[in-house]
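As structure tokens, one chain now follows by itself in the form predicted alone.
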């Protein structure tokens, strides 16, 4: 359905068009009209016109959410618009000498919402700072990350994205701009709010002073998932980063074996050449891997991207990890350590580029009391059903008080699964069975990665009072219910239906 003349007037001079908009995992998406505002004023005019004309709005940053958080299926008799925020991509200011709420030295980057983590670290590292929270790739926008309250390998140490923000600007569907700060109830709703209350256009984000362009890394080989959790727990107070790679193919007593990476920032004077290591040229990721140009590495990976190949690759990584653990501490650049997912551009293409092919990630968050038992049960269940995750990642977490938070005082296990038209139904059945196990263990889910949970899982996993508060904010700020996405219609819109709701969305 077309859009009104008043909206067309608002779109005049603003880049727009039609394109296929899909989730990062390539499993979901739709053809949509999009607009890419280049100023906050353009965005305000577009959103206000959409509200006046009843046009549905879906917000999108770099499109790094694995599932359906930033695209929308056309709705019958309803015009819709995907608002691309990547045009709002200016770094406005940077304070390199400040103090955080904990009294420790800090910097603050004042950025527009479409700035990516890559833009940010390249701007501040030569000035001796690093973003306090980064995901495993530098591609996401800062506003998109705040809308999902993303976390990094140091979540147990510094919290998630929202805990490291000093202020955000939010443009609501009526085109009005609001400045929100920690302590505001609306701040607690907008951070992690999936872009359903309005558009975050500006953020003041805390940064970490660093004395080197390197971190000191140590590998520790773990014999099983329980051993991995024990080692990571023992080092919580002494390391700034901690992450575990899990071999999901291992069975029996070796189930969940893997390699832990512990890392710390270098102390003043430890790096004899900090000016050199903080240069962008030093941080460049390698241009080739094993002789292959990086842009083409996904092609040989596609040959390995099946059970036999990935079983052998995981086995080889496990034994190489044992060797790495013997060499002790070594240095690695900030970019190299933090952005592992960027080593191979478009590595997701190894999962297939035809319609219906791709990957999903299933990442439950479990309280520390139940996490080990649940993870062991999930790994066994995957093997029994014939769907072993090709990549498993274990992290330690701390709780927070955002309304739709996934955070717990516990652990998460991220598992990637290959999707094909032939296996999709059986894979979703597995996800349903895993969700039942997670819910029994008191677990939660992470909307930035999810494509499978249904409203029943949300109802059982998340605090009901917090969800209702969020929905009240949405009714107040978006009375016409125009801020939507496929994720919203899958999980939140049916939340209050007076029926038994499905745990998994098929």
Ligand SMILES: Cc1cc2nc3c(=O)[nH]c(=O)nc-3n(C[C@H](O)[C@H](O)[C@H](O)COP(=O)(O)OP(=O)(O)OC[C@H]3O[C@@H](n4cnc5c(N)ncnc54)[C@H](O)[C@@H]3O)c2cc1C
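Numbering follows the first chain given and starts at 1. As the structure is a prediction and not an experimental result, all values here were calculated from the model.
The following text describes the form predicted together with the ligand, which does not appear among the structures shown.
Peer 1: Only one of 223, 119, 398, 137 comes within 4.5 Å of the ligand in the predicted bound form by heavy atoms, so just point that one out.
Peer 2: Looking at 223, 119, 398, 137 one by one, just 137 meets the 4.5 Å heavy-atom criterion.
Peer 1: Between the options 441, 456, 63, 29, which residue brings a heavy atom to within 4.5 Å of the ligand in the predicted bound form?
Peer 2: Looking at the other structure, the residue within range turns out to be 63.
Peer 1: Though only this chain appears here, would residue 407 touch the ligand in the predicted bound form if you measure heavy atom gaps against 4.5 Å?
Peer 2: Looking in the predicted bound form, residue contacts with the ligand do not include residue 407, since no heavy atom lies within 4.5 Å.
Peer 1: Would you check, heavy atoms only and a 4.5 Å threshold, whether residue 282 touches the ligand in the predicted bound form?
Peer 2: Looking in the predicted bound form, residue contacts with the ligand do not include residue 282, since no heavy atom lies within 4.5 Å.
Peer 1: Residue-level question: is residue 446 within 4.5 Å of the ligand in the predicted bound form, judged on heavy atoms?
Peer 2: Contact with the ligand, yes.
Peer 1: Considering non-hydrogen atoms and a 4.5 Å limit, does the ligand approach residue 341 in the predicted bound form?
Peer 2: The answer is yes: residue 341 has a heavy atom within 4.5 Å of the ligand.
Peer 1: Name the stretch: of 34-42, 471-479, 458-466, 52-60, exactly one has residues whose heavy atoms fall within 4.5 Å of the ligand in the predicted bound form.
Peer 2: Heavy atoms within 4.5 Å of the ligand in the predicted bound form occur in 52-60.
Peer 1: Which residues, if any, of 117-147 lie within 4.5 Å of the ligand in the predicted bound form when only heavy atoms count?
Peer 2: Result: 135, 136, 137, 140, 141, 143, 144, 145, 147.
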